[in-house]
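Here you get one chain, nothing else, as structure tokens; it is the form predicted on its own.
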Amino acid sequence: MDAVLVQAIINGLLLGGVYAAYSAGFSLIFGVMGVVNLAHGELIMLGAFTSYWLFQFFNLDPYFSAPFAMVFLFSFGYLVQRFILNRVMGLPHIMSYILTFGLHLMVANIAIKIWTHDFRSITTSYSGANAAILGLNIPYARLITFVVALFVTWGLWFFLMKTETGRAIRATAQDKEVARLMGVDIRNIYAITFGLGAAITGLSGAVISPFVIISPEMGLEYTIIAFCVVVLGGMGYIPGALVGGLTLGVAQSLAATYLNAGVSVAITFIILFMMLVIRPTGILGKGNIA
């Protein structure tokens, strides 16, 4: 097989792992609550900044700062859902869209006031380092993120299938009224779900921080990509985030290699349009969240 093609596929899989890592939380929140979180990118931004400041002040490696980002974002997400988003649950979906878009604007602008418009980055000993295998280059940081994406997908499946809280979340996603009759506190489950989705997203923000530009305005791009990934894989279906991310990453990498980098952006929306027309339920179809 052509070495250029193999390299493009590897680059695409690693890029897809990045996409999957920060799309899983988006898919979880939609699958349980039916909310398209337009502030999703800001959760990634907060996770990345958590990693950045821990690196600046304590020289803590971004991958070791990920648990701190998860705890911070879980607390933030839980409180936002419990005291803000819960007020519009059960109302027309447009209300949650407006509210999460307002949250996107608020968080981004507060971050700009605190951290300014400056671009920041994290430079570690392995920044830019690659593993050379059979003439192929594999960036260490992206490889770690790819492994994290696999772990997050498996970890979410295990949590949802094997824990009492996970079963309550699945029951709420399938039929919230029946779950309520069985004694499930729907409002609390929604808050836990949003907090868990935010925690996973904060984790992804931390693990991508070694190789992305960090700024208060970075969120919108990530929200758009996450939306495309979960639509491609299957809205609300956790494994779909991994499949959608890998598919989109490979498609973009091949387009950038054999066409040009600008076309790879257009490819994203072409694939999204074709999927919505041909198979609106996504590659794997919409099923249970797990």
Partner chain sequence: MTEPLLDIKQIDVSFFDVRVLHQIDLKVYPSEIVTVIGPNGAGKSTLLGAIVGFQVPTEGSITFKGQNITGIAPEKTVQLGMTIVPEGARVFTDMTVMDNLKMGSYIKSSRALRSETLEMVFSFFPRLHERMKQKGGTLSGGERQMLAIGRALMSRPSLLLLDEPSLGLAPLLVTKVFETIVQIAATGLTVLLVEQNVHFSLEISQRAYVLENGRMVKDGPSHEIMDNDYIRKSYLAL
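Positions refer to the first chain, counted from 1. All values reported here derive from a predicted model rather than from experimental measurement.
Quick note: we don't show the form predicted in complex with its partner chain, though the next part is all about it.
The contact residue chosen from 92, 128, 135, 183 relative to its partner chain in the model of the complex is 183, the criterion being a non-hydrogen atom within 4.5 angstroms. The contact residue chosen from 122, 80, 218, 179 relative to its partner chain in the model of the complex is 179, the criterion being a non-hydrogen atom within 4.5 angstroms.
Its partner chain in the model of the complex is not approached by residue 116, whose heavy atoms all lie more than 4.5 angstroms from it. Although the partner is absent here, residue 171 lies within 4.5 Å of its partner chain in the model of the complex, judged by heavy atoms. Exactly one of the stretches 67-75, 135-143, 171-179, 201-209 approaches its partner chain in the model of the complex with heavy atoms within 4.5 Å, and it is 171-179.
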